[in-house]
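Take a look at the structure tokens below, where one protein chain is shown in two forms, each on its own, as structure 1 and structure 2.
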Structure 1
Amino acid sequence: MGANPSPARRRRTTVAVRGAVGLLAFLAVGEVVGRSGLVAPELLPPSSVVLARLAEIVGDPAFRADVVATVLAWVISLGLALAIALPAGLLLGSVPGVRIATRALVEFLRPIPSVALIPLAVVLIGQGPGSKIALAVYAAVWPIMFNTIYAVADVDPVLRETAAAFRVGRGRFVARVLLPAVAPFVLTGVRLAAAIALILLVSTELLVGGARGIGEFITQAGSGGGRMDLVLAATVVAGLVGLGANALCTAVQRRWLSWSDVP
């Protein structure tokens, strides 16, 4: 074999090449369909036009401000949700009676699609960024709290007994045993929360004027001018933002939680 690259390395190259081919093929199909006249170009612009528009809006400070507004609101709402849900989950999860009651409540609240609260929140809180953040926090709290409660109830009793045997104090127990033990579940909760929070943020931006964000940009480009090219370009940016968040979560998991087998 000698000079040949290792099979693992060869496999990585194959994956990269095939992935690129797939992506290019998709863009080519988009280009051909867009230029074929089967669909009006205003309705489905060719890929090259969308990519050109993408380059344009990425260079546009107003659009960049929209993206920052959405991402910032996302980070703030996830931070707030974590700050509320983690302590609440740890507390509620430690008391069996309260745990059962909270789980029941969550089970009844969870089926209510949180986006249905948008019209109410807008009237209650107003059209600024406040309502979208409030809605995103509301939606993001549940998955984190639910997972934390579940994880606390699930902490290996051997760990508790070990800590007790070594006379570990309350504070040290939380810091050294409880938090690391629940961390992988909390991260899973944060992942779910991130997805639902983004859904709430973008939906609110789509529906309510006056709050800057990617959703607002898309609404204006869409219902305002019927500019499909701009809408698609902004959609691509929204997808890239989502990809970035996924990559971040995966990196956190690899870096700090690689010992856990929680997916």
Structure 2
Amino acid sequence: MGANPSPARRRRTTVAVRGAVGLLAFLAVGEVVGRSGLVAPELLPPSSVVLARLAEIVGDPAFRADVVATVLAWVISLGLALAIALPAGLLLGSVPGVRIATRALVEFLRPIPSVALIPLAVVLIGQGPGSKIALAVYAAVWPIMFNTIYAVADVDPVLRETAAAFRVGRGRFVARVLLPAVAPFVLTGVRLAAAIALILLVSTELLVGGARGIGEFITQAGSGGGRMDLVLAATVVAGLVGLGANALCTAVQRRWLSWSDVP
């Protein structure tokens, strides 16, 4: 007889089953409401119609190019945000003087909605991919940076004292002690930033246009004839991209950070 699955695997299976049941229930409600006549079908098509359109647009090369454009911009944005936020978080978390000197500026910039900066980005950068990437980077930097700052402050003092006792150099301390200690928190920040960056990318494509992407497809589908079935189908694809990104981050955490309790 085979070995019994571990508690963690059973828990993941239970979560997956419950998630599937919830999704099926949501689709069933959408089907009933869409066919009940309470809402005009052209405004809220049934779930079966949306899924049929989803199958159609997935086979459309033009839509696949839009998805690739959004995903590529998302990858670039997240990589740039991580490259900026991780060193900045390590610096601000490790050097109190720098953190105090920049606190007012950080607290001023952080609450500014990224969507409110779309006109400024369009004026400075234009309507191409650069503007949506810049806005996504701006929005994604904050969760990664603040998670890193808090993680640095939470490093076990015993580790610091041990490194100091053995005269570990600054660079080696960062590479061997600090980065492994903050990695789970940084990954949590990346998971949050991934969702935020995707939202900003699609929103910018919706509002600005001028570049390929899922948001541009939604804008074109919603204008003119107002094909809500296509709009909702493309929205489902955007949600699936976000779901896949979160699943990837979770898999990375389970593979390389299984010792961490950070969600």
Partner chain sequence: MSTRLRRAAARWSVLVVVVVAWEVAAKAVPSPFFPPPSAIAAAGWRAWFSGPWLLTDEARTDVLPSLARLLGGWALAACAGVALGLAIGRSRRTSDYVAPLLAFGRAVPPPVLAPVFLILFAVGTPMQLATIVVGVVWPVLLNTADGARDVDPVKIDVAVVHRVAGLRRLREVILPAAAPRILAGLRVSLSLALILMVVSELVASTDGLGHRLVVAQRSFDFTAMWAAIVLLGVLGYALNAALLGVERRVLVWTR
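For numbering, take structure 1's sequence and count from 1. For clarity, a rigid core is taken as the largest C-alpha set superposing within 1.5 Å between two forms. Since the model is a prediction, treat every value here as computed from it, not as a measurement.
- Between the two isolated copies of the chain, the second is the form predicted on its own.
- In the core-superposed comparison between the two structures, G22 has its Cα shifted by at least 2 Å.
- Fitting the two forms on the rigid core leaves the C-alpha of E107 displaced by at least 2 angstroms between the two structures.
- Remark: with the core as the superposition reference, the CA shift of G37 between the two structures reaches 2 Å or more.
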